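Coming up is one lone chain in structure tokens, specifically the form predicted on its own.
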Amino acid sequence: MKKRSFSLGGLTKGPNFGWNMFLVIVLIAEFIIFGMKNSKFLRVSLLLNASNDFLPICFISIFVTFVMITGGIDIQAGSIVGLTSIVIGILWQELGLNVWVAVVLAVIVAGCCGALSGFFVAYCRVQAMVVTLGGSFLYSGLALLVASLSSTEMYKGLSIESESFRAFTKTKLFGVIPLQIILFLVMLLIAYILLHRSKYGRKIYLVGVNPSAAEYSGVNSRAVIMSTYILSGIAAGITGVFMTSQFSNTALPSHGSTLTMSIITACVLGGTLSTGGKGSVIGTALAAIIIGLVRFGMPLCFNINKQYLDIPIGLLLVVVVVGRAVASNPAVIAKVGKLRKKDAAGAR
């Protein structure tokens, strides 16, 4: 039977302007509250240097958004970060490859990890939560296994003594803007074009809204789903390169181990539905920056121990999910509709 085709233009979901404006207001409120508590928070140089601590969340979350829009989830990205780091160290230190050749091969490995999980989700119809949870254990275990091939003790890490590699996170544009911020803006632009300005992005939304309709319209939904996991894996690989360069050129399997909850929170807070079909990279980027500033501002301004920073992030995730569930409840919607009618009648 011949498949029908129709325009997907109606499914192009641009950034949710209203929600994004709310996120901007939250961002401004953070600057006001933290700035009033400690003026050091408002120092541009300090903020730019502190961006190193939360840019990994930004790098990965904007592409995990693609996965979640299709109705999936990716909780393995942190483990892929650690595996990427170790692969770079082994290829450079043990095999003697050029450090940038090692970087390219490590990012390819990260993309293959995403492809493997994407294959099981898309083609074998295994639940994304199960696959990526298993992937998180598998890839972190592989990182430890690969690290054990080195004569260096794992907790010390694999040293990468390369000036060009160190410059990746030490170089500043015009002597002020760290190179990694430029990298984030480039990744954000690429993600925005792919998701909001291309036919590929429309296919992602259509698969998230109705996979059966996507197949009926000629979209290969399985290939689309798998591709989102590959992109997420590549983003995790780039993050692994960044973190390896950032932390004194040391490759460690533990890099990225604490990122998972912040990544998922950034996606959800940014307006991405966990059930799929809705989300934007702009919202996710804003949410990731908000989370990053919380992690930076709490210890600086309120002397909160860094061990407890997952508490506000976890509360934020719960509040957003519960709030969205309540707001979408038919009874709540009906009640709000009645109140609006009463207000309109009273205004007359």
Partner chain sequence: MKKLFKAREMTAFLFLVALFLVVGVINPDFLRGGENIAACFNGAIVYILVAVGMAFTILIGEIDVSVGSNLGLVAAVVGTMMQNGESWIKAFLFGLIIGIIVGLINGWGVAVMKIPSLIFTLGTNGVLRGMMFLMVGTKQVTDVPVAFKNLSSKSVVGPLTVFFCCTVVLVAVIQLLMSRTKRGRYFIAVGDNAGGADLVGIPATRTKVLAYVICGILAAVAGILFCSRAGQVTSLSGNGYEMKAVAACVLGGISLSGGLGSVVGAAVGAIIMSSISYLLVFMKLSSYYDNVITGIVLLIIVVLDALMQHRSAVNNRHARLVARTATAGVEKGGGEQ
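Small disclaimer: the values here were computed from a predicted structure and weren't measured. Residue numbers count along the first chain shown, from 1.
Another form, the form predicted in complex with the partner chain, is not on view; read the next lines as being about it.
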{"query": "Residue contact check: C124 to the partner chain in the predicted complex, 4.5 Å heavy atom", "finding": "yes"}
{"query": "Touches the partner chain in the predicted complex: F137 (any heavy atom, 4.5 Å)", "finding": "yes"}
{"query": "4.5 angstroms heavy atom contact with the partner chain in the predicted complex for V322", "finding": "yes"}
{"query": "D53 within 4.5 Å of the partner chain in the predicted complex, heavy atoms", "finding": "no"}
{"query": "Answer option from Y192, F165, F120, F184, heavy atom within 4.5 Å of the partner chain in the predicted complex", "finding": "F120"}
{"query": "Among the candidates I177, A115, L97, M129, the residue which, in the predicted complex, approaches the partner chain to within 4.5 Å (heavy atoms)", "finding": "M129"}
{"query": "Heavy atom of each of G18, V104 and L231 within 4.5 Å of the partner chain in the predicted complex", "finding": "no"}
{"query": "Partner-proximal stretch of 104-112, 231-239, 69-77, 82-90 relative to the partner chain in the predicted complex, 4.5 angstroms, heavy atom", "finding": "69-77"}
{"query": "The partner chain in the predicted complex - contacting residues of 23-44, heavy atom within 4.5 Å", "finding": "none"}
